[in-house]
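Shown next as structure tokens: one chain only, the form predicted on its own.
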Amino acid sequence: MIAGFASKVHRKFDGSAFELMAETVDQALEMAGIIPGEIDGLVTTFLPGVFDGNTYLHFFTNQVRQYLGLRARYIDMLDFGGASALSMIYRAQKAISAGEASSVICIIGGKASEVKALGTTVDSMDKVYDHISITPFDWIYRIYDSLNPVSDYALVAARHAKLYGTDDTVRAKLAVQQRFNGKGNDKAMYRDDLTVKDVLASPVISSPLHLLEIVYPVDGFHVFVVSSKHTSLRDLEIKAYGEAHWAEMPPELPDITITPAKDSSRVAAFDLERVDAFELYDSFTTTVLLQLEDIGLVQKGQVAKFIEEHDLRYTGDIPLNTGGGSLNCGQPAYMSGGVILEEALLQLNDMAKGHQVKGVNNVFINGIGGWSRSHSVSLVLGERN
């Protein structure tokens, strides 16, 4: 299924997004042993500003194929944000099974530095460019300046604390355990020792979230090659899959501390006792805590006790974000799905040097997109039966 994969991540890449994309594609194809002419499918995604500052590109999939020189029988364009990477390989596999393609390349990434240079994020592009809409109700929701998406997640974290007493220390403990995992990962940008005291002493960016529990947007790409051709990698299959896409705006939700992961994991319906490692979307510490509850590892409101009772390091009883997650590896182009998918593949292929979990056969991956309330994709990868 997965014939090859690669990533290239920089704090700031001096070339164009297309150049960095092509370098990553070449590396993934080299692992797969496939030449560009054999690629007959493309799945990708796009966020405003992450391709060299452009808000929207005309016929984006066409521009990607033109730059890479790809002819394709199958093309798909996803708009799930960070959850897109997980849907990419699922759709690619379906296309191959249906005979619509034989080798599909899946591309996620871009340059966050182009957006940061404007003093904004992709979730606040309407503050920089005219005629950009973030919601269909911007005239209600986008009146005041905000630090989206940080402000949005901070509101959720504050609400969770109000309802369940999840104080700053709980989130800090999670950040510390993920840093432990990142210390052994040569792909991680942040590998220094980290303590709870360090997290709590870092500046509050949007109350109650501190700097060291917020992801750092970077320039980078993740590329995955899904193919029917023979590969030297482990023979993996998608053992469970679920999507959920909610439409409600925050005031319409009965509880903003519940994410669509509650529904996507229910659709996936995989026995969590059989999971050897969990890779959960970590744009913020609070994102992980919400998913731990919503996928069913712990009841809603009990995550503080869960963090206290379990060891989430890659050496622990419930290995979580075993490479340090995006909190330590950076978030390419404001989308973390490629980070957690690549880590799952490293673990399953016994390639996670310095942070390898023993005996990994099944990995549960959950991606979140569109803040914490829009999209969720739950995916279990494991060895083919």
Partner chain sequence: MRLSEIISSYKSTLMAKKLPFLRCRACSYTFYYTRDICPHCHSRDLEIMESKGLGTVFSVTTLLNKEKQRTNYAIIELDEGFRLYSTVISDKPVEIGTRVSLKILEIDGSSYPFFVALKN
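Model, not experiment: these values are computed from the prediction. Positions refer to the first chain, counted from 1.
Same protein, other form: the form predicted together with the partner chain, not shown, and the subject of what follows.
Student: If we define contact as a non-hydrogen atom of the residue within 4.5 angstroms of the partner, is S207 a contact of the partner chain in the predicted bound form?
Tutor: Answer yes; at least one heavy atom of S207 falls within 4.5 Å of the partner chain in the predicted bound form.
Student: Looking at the partner-bound form in the predicted bound form, is K116 within 4.5 Å of the partner chain by any heavy atom?
Tutor: Answer no; every heavy atom of K116 is more than 4.5 Å from the partner chain in the predicted bound form.
Student: Taking heavy atoms only, is P250 within 4.5 angstroms of the partner chain in the predicted bound form?
Tutor: Taking the distances in the predicted bound form, the answer for P250 is yes, it comes within 4.5 Å of the partner chain.
Student: Taking the partner chain as it sits in the predicted bound form, is A154 in contact with it (heavy atom to heavy atom, 4.5 Å or less)?
Tutor: Residue-level check for A154: yes, a contact with the partner chain.
Student: Looking at A158, L233, I238, I75, which is the one with a non-hydrogen atom within 4.5 Å of the partner chain in the predicted bound form?
Tutor: Only one listed residue qualifies here, and that residue is A158.
Student: Tell me, which of L147, V298, I258, M125 has a heavy atom within 4.5 angstroms of the partner chain in the predicted bound form?
Tutor: Filtering the options by heavy-atom distance leaves L147.
Student: Where does the partner chain sit in the predicted bound form: which of 258-266, 136-144, 215-223, 67-75, heavy atoms within 4.5 Å?
Tutor: Careful reading of the contacts points to 136-144.
Student: Answer yes or no: in the predicted bound form, does the partner chain come within 4.5 Å of a heavy atom in every one of K162, P254 and W371?
Tutor: Yes.
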